[in-house]
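Here you get one chain, nothing else, as structure tokens; it is the form predicted on its own.
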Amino acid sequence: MARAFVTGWPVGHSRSPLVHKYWLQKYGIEGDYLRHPCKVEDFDSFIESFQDDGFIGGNVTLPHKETAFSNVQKADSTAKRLGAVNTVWIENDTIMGGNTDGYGFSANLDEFANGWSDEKRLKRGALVLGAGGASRAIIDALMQRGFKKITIANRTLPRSVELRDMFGEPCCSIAYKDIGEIEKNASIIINTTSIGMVGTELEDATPLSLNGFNSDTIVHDIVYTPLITPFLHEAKTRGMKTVDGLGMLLHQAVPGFEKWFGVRPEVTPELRAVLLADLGEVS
């Protein structure tokens, strides 16, 4: 029986098994998808020999994505640009690595914010909040879509400068306190920080006030616990289009499942409902 995994440390919180087991059952595939907790010091040996443990591939989550990039034998173009791998599979006896986070981000917006990357919005640019690891795939995805300006805003400027230097044009960096009228013309704002996430010190906070932003600005939060973060709630009260983070989780899982089990699965309302129920949320 074909088996795939999700590995990280910790990994008990991962909803990936719920997603992949749903698809295995839906498509009548005899297989399994398991959590495989792996400490940092054990990761190298695991990723180099996961076939010996009976796995055909899997997902890699924090804190192993950068290490996985170093360990795979061949990486796809997206993983090379990011220096990080979240999906591994075997191809011609070679351990392959890819990164599907940006795909999940774009596919989620394609589903819930039709026209988010049309020509007028590309020209107005995007505002990315946060300069941590989660922001990299999103910045790359925005560049691939052709956004003419991508402003990376962070509480402290040096972190956003690092990302600006990593990606180059059309990226620019700014501190939150310096966001002004030019930045407020952005066609989309993406929160990549954990601000507003349940269980954090700032779960009741928003990363940024939306005062002064255009009413047609799309507001996207990659956090999905809660489904409607304080940031999205503020956007809704202003009549802005909002997109939650659950779809990114679901869509980023699609390419991996296809690599491992040979079927390209669909992200459906039924699957979303399964995840919402598990999260104790309602859509």
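Each residue number is its position in the shown sequence, starting from 1. These numbers were taken from a predicted model, which means no experiment stands behind them.
What follows is about the form predicted together with a small molecule, which we do not show.
- Among residues of the shown chain, residue 155 is one whose heavy atoms approach the small molecule to within 4.5 Å in the predicted complex.
- In the predicted complex, residue 117 stays away from the small molecule, with no heavy atom inside 4.5 Å.
- Put simply, residue 202 is close to the small molecule in the predicted complex: some heavy atom of it is within 4.5 Å.
- Residue 194 belongs to the set of residues with a heavy atom inside 4.5 Å of the small molecule in the predicted complex.
- Between the options 81, 159, 145, 124, the residue in contact with the small molecule in the predicted complex by a heavy atom within 4.5 angstroms is 159.
- For the options 95, 109, 134, 188, the residue carrying a heavy atom within 4.5 angstroms of the small molecule in the predicted complex is 134.
- Segments offered: 125 to 133, 167 to 175, 208 to 216, 86 to 94. Contacting the small molecule in the predicted complex at heavy atom distances within 4.5 Å is 125 to 133.
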